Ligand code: F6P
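Shown here is one chain on its own, the form predicted on its own, set out as structure tokens.
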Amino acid sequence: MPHAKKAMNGKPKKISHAMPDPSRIKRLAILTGGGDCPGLNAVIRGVVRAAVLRHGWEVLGIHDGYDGFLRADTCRKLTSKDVRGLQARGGTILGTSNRGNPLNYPIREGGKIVHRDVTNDIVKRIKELEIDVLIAVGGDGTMKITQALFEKGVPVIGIPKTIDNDLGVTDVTFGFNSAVNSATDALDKLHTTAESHHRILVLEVMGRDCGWIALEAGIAGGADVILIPEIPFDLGRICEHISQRKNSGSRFSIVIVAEGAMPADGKKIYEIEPGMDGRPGRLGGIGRWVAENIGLCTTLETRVAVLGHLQRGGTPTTYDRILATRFGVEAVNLIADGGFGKMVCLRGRRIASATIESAVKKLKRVDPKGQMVGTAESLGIELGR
């Protein structure tokens, strides 16, 4: 199958891989990479049942994402019995990992940690296991690794998942709806205590680079202020908005802030700063910063709640169960059609596909001039700009 890659002069360079004949496929493998989210088990179930029942293919489950290929206990065989009832379970029965990137993998050499590209070791292990096609379920990071393996000749299929909903070419990723539901439920509960105590309550949610969770949960949950990474905020505008609410008789306010949001004259706040070796760091603390500064500015009592991993856990919503199941089934259909190097995606109400390469070109970020932001502002919600 031809594949284009840029050469040193910037022009597309054609390279070709011998992809398997779909009629000769016997064994698939599936892994779940990156952060966990509701719906992963549903997608595993969809893949296994479609592969076994419709095609008679064997399915191997790879443990702990791409880390599984770098250890002895690589995998387990999955049967229809193994995945019975999985659609209702959160997490992933295969385990996952978002710390060891095979393109820049930490290895101890001579008493110190160095980083190496170990994708050739993964390719070797895939061949040893006689895997005909690898299905990778993950977000932006997982898909970049999967694309690198495809360029080395591994037949791959991608399935998009992330609670951040930031993966390109698909309208929605599974896991997002469940995370928004959790954040909205938290806002509903915070409303009652904020109103009872006449407080400003700040809810910090996930969203490193994209503010979809904060924006949609904020609209659904009736937040008064929504702060997202795509719109650096003016603290003065936020304090003025909250003071105006108080003066008009609203003795409490609700603020929802994505972990990657930042003031217009500042920078993102980290619990663990990014490392010199390219390690991304761990965001955290913007909720407390916003709460403390609103309190200083308005002299109103403020409290902060950090939702954290509660957004990742729990039972998937009906929407995510169905979307994940459809993705899993269509990934198997894509294999049968020989669509290697592609990722299934949702476009409108239809499951389609696009190249993995196109999916990871850029993050799908909130458009500050888009309709969703316009909806929030039309409701009188302050976004700090």
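Residue indices: 1-based, along the sequence shown. Predicted model, so just to flag it, every value in this text is computed and none were measured.
Below: the form predicted in complex with this ligand, not depicted.
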query	finding
Single option in Ile163, Val257, Ile159, Ala223 placed near this ligand in the predicted bound form, where near means a heavy atom within 4.5 Å	Ile163
Contacting member of Val133, Ala194, Met206, Met143, with respect to this ligand in the predicted bound form [4.5 Å, heavy atom]	Met206
Contact label in the predicted bound form: Arg99 to this ligand, heavy atom within 4.5 Å	yes
4.5 Å heavy atom contact, His309 and this ligand in the predicted bound form	yes
This ligand contact in the predicted bound form: Arg282, any heavy atom under 4.5 Å	yes
Stretch in contact in the predicted bound form with this ligand, which is absent here, among 119 to 127, 163 to 171, 71 to 79, 227 to 235 (heavy atoms within 4.5 Å)	163 to 171
